[in-house]
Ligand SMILES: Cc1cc2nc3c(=O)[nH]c(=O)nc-3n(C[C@H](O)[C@H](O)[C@H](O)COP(=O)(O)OP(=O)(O)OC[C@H]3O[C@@H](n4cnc5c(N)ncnc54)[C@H](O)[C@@H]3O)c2cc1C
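A single chain comes next, written as structure tokens; it is the form predicted alone.
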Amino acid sequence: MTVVAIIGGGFTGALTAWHLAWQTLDVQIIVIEPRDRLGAGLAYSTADPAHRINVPASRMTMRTDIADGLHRWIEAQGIALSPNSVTAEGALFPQRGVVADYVAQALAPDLAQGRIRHLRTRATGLTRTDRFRLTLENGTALEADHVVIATSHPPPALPASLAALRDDPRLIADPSDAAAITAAALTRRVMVLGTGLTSADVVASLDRQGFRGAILALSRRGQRSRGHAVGHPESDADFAVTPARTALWLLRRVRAEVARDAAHGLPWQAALDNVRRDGPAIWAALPQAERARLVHRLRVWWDVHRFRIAPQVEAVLDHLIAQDRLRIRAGHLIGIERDKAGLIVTWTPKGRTARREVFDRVILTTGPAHDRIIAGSPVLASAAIDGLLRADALGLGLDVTDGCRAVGATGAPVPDLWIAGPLARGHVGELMGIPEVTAHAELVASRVADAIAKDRPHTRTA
């Protein structure tokens, strides 16, 4: 029996397994994921009620032919949503755990029938001779004919200047540590390093748990994630027709379309939604040098407009800012010193002189450590040593071709090794949102099924 091993069982890995299970026969699909259920991953395993999905449920799905799959499922199942989950316009922004429930229910039959197996462990090594060999954290090994890498980005890396504070509980390097965030909510002075989505989640969680003190959120540009606009007509902006060939041309075109939409009463979100829709065509048209320029100069602006926060979270931030209990500032962290009174932080506001402030907790939410995508993962580091993969040229993930085939150390595609989800975005472009991840999981599952069918024609069923 052909064995397909999927490394990582978050949303991407679970969907790849689910779609593959319905396209093949006599194939053993094994998902290697240490969490107790598939589909949760880091994003949807949180139990904090303040953590909500960042887009309406009508835009989240496990199938691209049903764009509002999550919304339909919630209504069909009669899922009881927490207070304030529905906006005045009727958009659903439930807690993130609901997504994990949605995926788990879909996978349950395949798991029960053995079409998909879940190994609750981690992959620590990947090599290849005639077949792939995966070394597992539980001390066993697994051989596979096809391997799909569906892991996500690594957690934030502790800055070298803070290495001496690694064991100080007042420095929270992992923002997903619920117990540490709960302890921080009992203090009065908190600094959050980073002002993006994770920062917003931390602030919302602190507020939910009764935090009554003051928060300083610091990043290089001091840009917070923007909110949603719902109920507006779609924009006519089309960025796929004669796509821009330079980052500057793209920027000017987006600004022009936003201005044109504004003249017709549309919010900026309308045009940006079309940028996201046309992302693959935009990315494909840009030469590598222009892709690098876009990532270097425009990525932060894209991120804060593209990765929006739920209305409930936005309301918390706006309320705290109005009360002068949340300051979002642009600046540079110089260093942090231990003191009995707290952590003494020296930082420089943009365009001003350095200042020192004392905080009870400092929470790191600076985003994935992209430069540690391979080095920070034992299984990816092992595969790289064996020549099976390499980082992409932009430092966004792993090098791929044809949208999902891994590129090895020699620059040639590695047969039967596939990359699913965000780690492929250096080649594909936009690959962080659920609609894009769902489409990519379908693509990978189809490519794997085609490869299996080529060798064993009777295995293909769809």
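Being a predicted model, the structure only gives us computed values, none of them experimental. So that there is no doubt, residue numbering starts at 1 and follows the sequence shown.
The discussion below concerns the form predicted in complex with the ligand, not included here.
Heavy atoms within 4.5 Å of the ligand in the predicted bound form are found in one stretch of 391 to 399, 404 to 412, 22 to 30, 43 to 51, which is 43 to 51.
No member of the trio G194, F211 and R361 reaches the ligand in the predicted bound form with any non-hydrogen atom inside 4.5 Å. Of the heavy atoms in P435, some are within 4.5 Å of the ligand in the predicted bound form. By the criterion of a heavy atom within 4.5 Å, R96 is counted among the residues contacting the ligand in the predicted bound form. Interface residue remark: V148 is not counted as part of the site for the ligand in the predicted bound form, having no heavy atom within 4.5 Å.
The ligand in the predicted bound form is approached by R122, whose closest heavy atom lies within 4.5 angstroms of it. In summary, among the residues L272, V379, I74, L317, the only one with a non-hydrogen atom within 4.5 Å of the ligand in the predicted bound form is V379. Residues of 56 to 85 that come within 4.5 Å of the ligand in the predicted bound form, judged by any heavy atom, reduce to M60 alone.
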